[in-house]
Ligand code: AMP
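Heads up, the chain below is alone and in the form predicted alone; it's given as structure tokens.
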Amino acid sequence: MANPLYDGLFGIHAGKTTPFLHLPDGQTVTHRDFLATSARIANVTAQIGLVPGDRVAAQIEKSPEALALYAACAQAGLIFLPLNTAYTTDELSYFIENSGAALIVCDGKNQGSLGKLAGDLGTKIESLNADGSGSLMDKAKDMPDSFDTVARRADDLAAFLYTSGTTGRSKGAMLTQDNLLSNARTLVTEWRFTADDVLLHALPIFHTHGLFVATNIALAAGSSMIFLPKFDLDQVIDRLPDATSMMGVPTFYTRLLGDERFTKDLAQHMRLFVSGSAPLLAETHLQFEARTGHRILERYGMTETNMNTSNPYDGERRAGTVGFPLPGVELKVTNPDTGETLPNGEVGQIEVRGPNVFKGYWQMPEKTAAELREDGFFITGDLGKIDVDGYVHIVGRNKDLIISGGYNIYPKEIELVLDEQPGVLESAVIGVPHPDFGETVLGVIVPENGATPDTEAMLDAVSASLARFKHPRKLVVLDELPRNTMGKVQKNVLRDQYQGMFSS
């Protein structure tokens, strides 16, 4: 029996001496050397007693060795659990205990604090630092550079990703070999990746975007990557001439647009810019095209599903939309109360079905049953609509829906009006408690540099554009919106901050 994920992403490059990773110091790592490193790590996991199906929790900085740990888990039949490097020990304890991880791999500076947790749980622990040092690689250097790949089925688990948990305990999304491999192969085709591509990779690798989209695509296509530890504006501008493609979150593109060195000449050789993980403002789309001649390709995915939709590679990349369902992915918009499919143009909850959709939530059968229908459709929790041309629009999260005086209010509709006002960089609209209406609308404004937005004029503009029940009760001006590590606005933080604003 084969191992679909390892064979389809990693094993196909065995023996290749062409560069896979271009590092900031000018060094390169070939496919062959990368696979030799991953095989040594796989041998370490076997030596310390891990068996196929065991979970490996990794909270480590981005490095070639960190990526090789992912490959080693695939080869050894282990379930890879990447964890945000910003998590505290208290937060990590939940993920590690809930997943039943057999091995923790952490930065050396955290080994002391996590060592007690590992001891209490009977979990093994190894260190791996950003420079490739640590106990894991100390053990790996004496290991053979080959490993007998463990047989796996397409529906065997390959990874856990924990959701952000803004409305309760994080849920461990169980992703199979086929979930990851099928999505990578689809995106290679849809986005026209080949072995000639050089992907500028400045994303973290503890998240779907950086690991299961960017990295898996590069592997499936045989592309190489300029592998930067993080998004550093100077490094990105310096290395952009060597790249053919780039994937990023919206803040990557706004920061590039804010630098006069980012010119049309600098970007003219590029083949593709992709944005995801958070909504891209239509204004950013237009500014980017005006500056570079490129239209950013925006897509839509989730922890539980990888990528669901994409604007077309050939054809109109429509600002404010996430394009069309990917081949093999079914998408429908349904009534949240009845589950009935709604006609195009109507807002409802988005449901998706396809080989990309996860197997369920780890040890949460009730949550799985509530969100993953028996017919295979996953209730995403996103609200959206499909326009007359078939483009999918994301209106917001179901939990962000505002119900004021019995009326449903979609924040995105108000945000679009506010974003168009003079002096506004971006906005966020939330519902906060109100003694008469249950909830009322609060608008949060971030001004452009040096601008002092006229909030009264903004309220007048909203009044002219939208029905009265959608009008913000008040506008608040902030220097910036709270965001998570992938650039997504944390509306739950804003709701907590302003929940008492209208209390009687």
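The structure presented is a predicted model; accordingly, all values stated were derived computationally and were not measured. When you see a residue number, it is the position in the sequence shown, counting from 1.
One more form of this protein should be noted, the form predicted in complex with the named molecule, which is absent from this view; the next part is about it.
Among the residues N408, S93, Q268, Q235, the one placing a heavy atom within 4.5 Å of the named molecule in the predicted complex is N408. Checking L228, A221, M302, V150 against the named molecule in the predicted complex, a heavy atom within 4.5 Å turns up for just one residue: M302. Note on the interface: of 73 to 81, 276 to 284, 182 to 190, 152 to 160, the segment with non-hydrogen atoms within 4.5 angstroms of the named molecule in the predicted complex is 276 to 284. In the predicted complex, the named molecule sits within 4.5 Å of a heavy atom of E298. In the predicted complex, at least one heavy atom of K399 sits within 4.5 Å of the named molecule. The closest non-hydrogen atom of V424 lies beyond 4.5 Å of the named molecule in the predicted complex.
For the chain shown alone, D382 is a contact residue for the named molecule in the predicted complex, at least one non-hydrogen atom being within 4.5 angstroms. The three marked residues, V333, V347 and L418, fail to reach the named molecule in the predicted complex, with no heavy atom of any inside 4.5 Å. The single residue of 317 to 334 lying near the named molecule in the predicted complex is V322, the criterion being any heavy atom within 4.5 Å. Contraction of the Y361-D400 CA spacing by 3 Å or more is recorded in the predicted complex, set against this form. Relative to this form, F469 and P279 approach one another in the predicted complex, with their C-alpha atoms ending up at least 3 Å closer.
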